[in-house]
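Given next, in structure tokens, is a single chain: the form predicted alone.
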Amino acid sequence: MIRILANDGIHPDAVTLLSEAGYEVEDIKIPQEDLPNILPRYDVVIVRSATKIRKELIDLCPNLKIIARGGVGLDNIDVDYARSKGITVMNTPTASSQSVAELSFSHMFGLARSLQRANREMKDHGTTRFKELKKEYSNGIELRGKTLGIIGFGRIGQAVAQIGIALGMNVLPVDLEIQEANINMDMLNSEHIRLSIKVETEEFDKALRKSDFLTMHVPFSGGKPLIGTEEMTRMKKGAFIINTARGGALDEDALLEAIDAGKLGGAALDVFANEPKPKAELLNHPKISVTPHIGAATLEAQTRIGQQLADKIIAFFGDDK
């Protein structure tokens, strides 16, 4: 019987599909330090971003045939080494694109109207300083007509562009490999609206200089941050940065300096360089909107991730009943 460890959790629908195919699925959390003793018993391990599958652990697991990543990035897995050992590495690159894109815009709307700050102030002083707070937070901006820089124009970046175009934003995508993409603006539940827009990528420097909002959707596996002090100095005064990609892709110290100096208007972070213990300065800064790495954590995305992984695993092994 095929044994599967879903170490970072998986949707119940996926457990049902795999169990009905005759597989044994254990949806439990094994601490990273205990995996060398436990993982060798399994044929498949399913992870998200928390569990690390490195060379040393792979060498201890001769029965391992599949490493499945629920999500897009594979930076927590030694992919090339696993494949050199005959292990299949799979992920679900399309399942969470819409969820991450929508979270990015949740943050953008919040930054545009200072919602994260106003919410805190209202809870603390809403009954005593209502009029003062109304005046203080009356200088918000609209997203329509603003320039949206998109760093990384893969599936998530294109989903971001789709929403940005629909909102009336000027979209400036950047990508090292993709020169253009067709953004389909088909409206759900409508038989009459069909629109496809060809969007060409731009130079990185242009996106830095022109963007009112700059959102990041790139893989990152360490090294020099993609956006640091030098890049921030080239950005528009008062611009906002949103990072829902990977912690470390954005220099957090440089970000704090740029915001405190008045160069940037603020930022939004769903990912951090030091997860699960982000810097307190980031969490407590009044001009930074934060969420705890929930980009793909919607019910719809989790359902799609589970179903796609289950389909891929069953296609690999076949029905084991």
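Start at 1 and count along the sequence shown; that's the residue number. None of the values given here were measured: they were computed from a predicted structure.
Below, we refer to the form predicted in complex with a small molecule, which is not included among the displayed structures.
Considering Val271, Leu35, Cys61, Val47, which brings a non-hydrogen atom within 4.5 Å of the small molecule in the predicted bound form? By the 4.5 Å heavy-atom cutoff, the listed residue in contact is Val271.
Under a 4.5 angstroms heavy atom criterion, identify the one residue in Leu148, Leu250, Ile241, Ile156 near the small molecule in the predicted bound form. Checking each option against the small molecule in the predicted bound form, the one that comes within 4.5 Å is Ile156.
Proximity to the small molecule in the predicted bound form (heavy atom, within 4.5 Å), stretch among 162 to 170, 175 to 183, 76 to 84, 127 to 135: Going by heavy atoms within 4.5 Å, the stretch is 175 to 183.
Just checking whether Arg117 would be counted as a contact of the small molecule in the predicted bound form - the rule being heavy atoms within 4.5 angstroms. It does not: once the small molecule is placed as it appears in the predicted bound form, Arg117 has no heavy atom within 4.5 Å of it.
For Ser96, is any heavy atom within 4.5 Å of the small molecule in the predicted bound form, or not? Answer yes; at least one heavy atom of Ser96 falls within 4.5 Å of the small molecule in the predicted bound form.
Please run the contact check for Ala296 against the small molecule in the predicted bound form: heavy atoms, 4.5 angstroms, yes or no? Taking the distances in the predicted bound form, the answer for Ala296 is yes, it comes within 4.5 Å of the small molecule.
Contact test in the predicted bound form: Leu226 vs the small molecule, heavy atoms, 4.5 Å: Because a heavy atom of Leu226 falls inside 4.5 Å of the small molecule in the predicted bound form, the answer is yes.
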